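Only one chain is given next, in structure tokens, and it is the form predicted alone.
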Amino acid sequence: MIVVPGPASKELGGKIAKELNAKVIGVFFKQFPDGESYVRFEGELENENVVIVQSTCPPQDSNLIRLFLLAGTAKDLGAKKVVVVVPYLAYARQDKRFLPGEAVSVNVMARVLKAIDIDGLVTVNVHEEKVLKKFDFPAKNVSAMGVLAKYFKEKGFDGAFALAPDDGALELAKEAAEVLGGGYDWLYKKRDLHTGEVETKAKKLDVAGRDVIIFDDIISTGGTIVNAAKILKEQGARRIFAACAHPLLIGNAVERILSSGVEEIVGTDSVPSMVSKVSVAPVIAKSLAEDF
């Protein structure tokens, strides 16, 4: 097996290769003055099983094009099998048409990747796992919640309460609670389809005097975490933390979250960031070894 760390996932790709004891082939890439991307493999791929690691975090469109160029070119160069590891899978959140005329972006993604003739995909905490059924090739979702919870447990927060900021993240909090052993719950969230504004409804939680970790798949602008932190503080939580698989942290998200009473934000290296303190390399490598 050969691992190719793409431009958006150089460090993570290297870690995955180390976990698998696999050979690494690098990529030379550049951007032309007009914004187009150029990529070139720095090694032979013919008759090899190739794993391309390329997150599609911001800038999503550029990273997607580089993923498409790498995956398609690998087959052109004679790779026997091409599996793409896309830790953060952009455009996966729009899985149905909420308003007339909207693009169902994940459907388009599935068709493009099929056209490139890839043999499999691994992603991390895709927003809705059911969307992977739209892909006409093996597509697997792995979870970072266990390694995130382990990070907090090793820091002395065994028994902390795991909170999902909405019902969509309930399974994430449940998974984290299996490691932390402090129980879990969730809040009700409603998002305005036109403005994007989020409303979170309070409910009675077993958090008074306890440490609480909010677990989610993505932290983007931070609004969901801020709303949850406010409710936790009102109900007497002792210390509040936020953890996610994909720390997009757009704009002043970090400042907003920390000023809301959250002591620390912990993300993974699915999206390289200032809070990427946990690596998903072990869970990705395990999936590759088992399934591909």
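Everything numeric here is computed off the predicted structure, so don't read it as measured data. All residue numbers refer to positions in the sequence shown, first residue = 1.
Just so you know, the form predicted together with ribose-5-phosphate (R5P) exists too; it's not on screen, but the next bit is about it.
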Given 142-150, 105-113, 218-226, 201-209, the stretch touching ribose-5-phosphate (R5P) in the predicted bound form at heavy atoms within 4.5 Å is 218-226
| Do K189 and ribose-5-phosphate (R5P) share at least one heavy atom pair within 4.5 Å in the predicted bound form? | yes
So, in the predicted bound form, is R93 in contact with ribose-5-phosphate (R5P) at a 4.5 angstroms heavy atom limit? yes
Looking at the partner-bound form in the predicted bound form, is H127 within 4.5 Å of ribose-5-phosphate (R5P) by any heavy atom?
-> yes
Can you tell me whether E171 touches ribose-5-phosphate (R5P)? I mean in the predicted bound form, with a 4.5 angstroms heavy atom cut-off. no
Picking from D119, D185, D166, E175, the single residue whose non-hydrogen atoms come within 4.5 angstroms of ribose-5-phosphate (R5P) in the predicted bound form is D166
